[in-house]
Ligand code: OGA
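Next up is one chain by itself, shown in structure tokens, the form predicted alone.
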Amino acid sequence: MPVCKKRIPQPVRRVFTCGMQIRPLTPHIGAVMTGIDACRPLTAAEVQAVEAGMDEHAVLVLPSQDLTDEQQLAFTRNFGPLEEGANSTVRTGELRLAPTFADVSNLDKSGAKLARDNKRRMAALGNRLWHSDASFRAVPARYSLLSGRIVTTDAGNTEFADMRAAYDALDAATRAEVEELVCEHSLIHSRQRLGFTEFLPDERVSMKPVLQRLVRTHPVTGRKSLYLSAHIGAIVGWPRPEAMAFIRDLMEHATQAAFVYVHRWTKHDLVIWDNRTTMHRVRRFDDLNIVRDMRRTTTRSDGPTVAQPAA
């Protein structure tokens, strides 16, 4: 689709009075934040600085944060209510972590690597698709916080796409077209794209599609962004083939290299991203032979992006 070219701002290092610093990683998205210890309680000024950094950069990398699960939960609660049940979307009967965590490792409860045909592993392969966390919930996610306990260094990068920059670069006609569109999001749809269909009957009921706006406005900055995800399975009022072709075009536009930050993990990185303004995906690695232990906590947005149909 046509692209409206805009001047790209140059990264500028910011220094906060409380000793924290932010160094941008790309012209659009991502920054390294130093001078903060996520292992201890934060001051109000530190919470404000993190939120200001997120509003500007959408992704923050906090290096050298050797967190326990309890410390990660305490840090996360500074930024809103936790998304409960993040670790039990697809039921496997083998939770390794508390339900307040999304276990995106390749380990089972005993610490062994997941078998190739393990249900949790197969469902988790959907994380390799571009998506926004919990967009399949009526109240979607705000921040996700991913702690790298055991990381891979030669693969398994996480990529983040800036949906604000993608919206800004749309031509005027496409902006007008997307402005009022509403999409259906479902975890079942994204997993079925990869051929995973092993959902229990009650899971299919709980994962019925929810509605989300295709364009969101940030409550603090006022910037608009596309709200895209692999979970999208329809546009309300459109024939499905036309809708999916249009979403595919928007996804291709939104994930071009100019809008993407690639994070190469080092041990004890804590990476925070704003699901309202970004998409992300993990890149393939040899998960059958290499251990990767990543633990995600997530906060909920203030409310739904659009009214949901009556039950």
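None of these values were measured; they are calculated from a predicted model. For every residue, the number given is its place in the sequence shown, counted from 1.
Below, we turn to the form predicted together with this ligand, even though it does not appear here.
- Remark: residue 71 does not count among the residues lining this ligand in the model of the complex, judged by a heavy atom distance of 4.5 Å or less.
- In the model of the complex, this ligand sits beyond 4.5 Å of every heavy atom of residue 300.
- At the 4.5 Å threshold, heavy atoms of residue 261 stay clear of this ligand in the model of the complex, well away from it.
- Put simply, residue 131 is close to this ligand in the model of the complex: some heavy atom of it is within 4.5 Å.
- Contact annotation: of the candidates 59, 62, 282, 49, the single residue with a non-hydrogen atom within 4.5 angstroms of this ligand in the model of the complex is 282.
- Note on the partner interface in the model of the complex: the residue among 104, 234, 178, 97 having a heavy atom within 4.5 angstroms of this ligand is 104.
- Listed stretches are 234-242, 131-139, 211-219, 164-172; the contact stretch with this ligand in the model of the complex is 131-139, by a heavy atom cutoff of 4.5 Å.
- Residues from 140-160 that approach this ligand in the model of the complex with a non-hydrogen atom closer than or equal to 4.5 Å are 146, 158, in the order they occur in the chain.
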